[in-house]
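Shown next as structure tokens: one chain only, the form predicted on its own.
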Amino acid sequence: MDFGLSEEQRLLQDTLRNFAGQECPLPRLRELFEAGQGHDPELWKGLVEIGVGGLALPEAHGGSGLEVLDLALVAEVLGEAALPVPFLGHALAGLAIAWGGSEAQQAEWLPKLATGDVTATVALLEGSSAWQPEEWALAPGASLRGEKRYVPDAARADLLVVGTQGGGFALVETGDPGVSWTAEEGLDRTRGIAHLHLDGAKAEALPGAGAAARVRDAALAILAADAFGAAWRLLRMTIEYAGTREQFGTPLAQFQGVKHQIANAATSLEPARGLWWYAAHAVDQLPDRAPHASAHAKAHLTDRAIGAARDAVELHGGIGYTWESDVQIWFKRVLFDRTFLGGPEVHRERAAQISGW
């Protein structure tokens, strides 16, 4: 029994870390963050060339045929680097078509998603809290009328996978005259979100049943992994700061209270790595356990990540609260991960219901 990553998985993460370090060093990330567009097309192009666009798509349609765990490993690195790319929506849209699309839909769209010729995203939330497939009320049909909120990277997408009543999915091309959107103000400037308006937009339903719930589970694991990566980045930033910033002629890291706070953050975060590894693995290999595992992973990891972010702000002292401090970039990334698809209380309640409590 092997609980570690394979050599190929470690190589994938090393490759992405090298790419992020070379193509998006901190000064460049700060420029992109302050621009507030949540997207850098050159970064996305580079990631697609590495293979991120089709990582978990079938090899028969141009993908790499890997699993949700591999997508989550990518998300961990993107969270560490806070890369402003449309990975989340694109990956989930690809999974939705691969798991729920007809043969013709898969043949038409998946090769284009794998090569990056088409960028896709998912439109899930209705109202202020209806994230889950069983809560969607948008009437399905050949044309869609309604609204979706907080659609990730909608402004750059060519294709939308829209959640519909009864836990279904429908494909909508963003060039359709019935599609419009308005940008929404989000805290995390590394990921743009939009309010989607559908007014008779031409739609094509995905016939596969159960794809929406499975995509939701995959999304929870991916968000947990992103939060984990961002939280570790905050901890490393804090350790470096505490080791160089002096108070009373002594580095902050020499003070016992500071040591304990950092140690507590690290020891509460690192053991939780297994939660998102297991949840992502379960989506492909243990489908009966995936809803429970992914709910726990999302709830616990995003809570621990917020705790680490608070510790980082506190240990950076007064500058931790300022715009000039880079701490805010990852703090806001973690806040997005915590909120998107529902907060920890939502998923703890789901986990309790799944357990029959």
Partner chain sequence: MDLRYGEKYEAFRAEVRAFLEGWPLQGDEAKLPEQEQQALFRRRGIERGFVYRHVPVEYGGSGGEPDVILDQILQEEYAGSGAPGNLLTQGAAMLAPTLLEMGTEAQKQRFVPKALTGEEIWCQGYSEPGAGSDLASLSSRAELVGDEWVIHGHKIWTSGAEKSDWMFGLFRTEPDAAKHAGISYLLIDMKSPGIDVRPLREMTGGALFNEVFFDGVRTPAENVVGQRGQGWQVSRATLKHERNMIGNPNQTRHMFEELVALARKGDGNAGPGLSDPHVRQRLAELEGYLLSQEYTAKRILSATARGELEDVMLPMMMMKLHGTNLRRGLSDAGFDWIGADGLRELLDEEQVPYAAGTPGAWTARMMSAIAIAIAGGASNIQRNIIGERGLGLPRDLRAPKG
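Since the structure is predicted, the reported quantities are computational estimates derived from the model, not experimental observations. Positions refer to the first chain, counted from 1.
The same protein also has a form predicted in complex with its partner chain, omitted here; what follows describes it.
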| item | value |
| --- | --- |
| Candidate site Thr250, Glu270 and His296: all three near its partner chain in the predicted complex by heavy atom within 4.5 Å | yes |
| Proximity of Asp303 to its partner chain in the predicted complex, heavy atoms at 4.5 Å | yes |
| Heavy atom of Asp14 within 4.5 Å of its partner chain in the predicted complex | no |
| Leu113, heavy atom within 4.5 angstroms of its partner chain in the predicted complex | no |
| Heavy atom of Ser128 within 4.5 Å of its partner chain in the predicted complex | no |
| Single option in Trp136, Trp109, Trp277, Phe87 placed near its partner chain in the predicted complex, where near means a heavy atom within 4.5 Å | Trp277 |
| Segment assignment from 252 to 260, 142 to 150, 91 to 99, 166 to 174: heavy atom within 4.5 Å of its partner chain in the predicted complex | 252 to 260 |
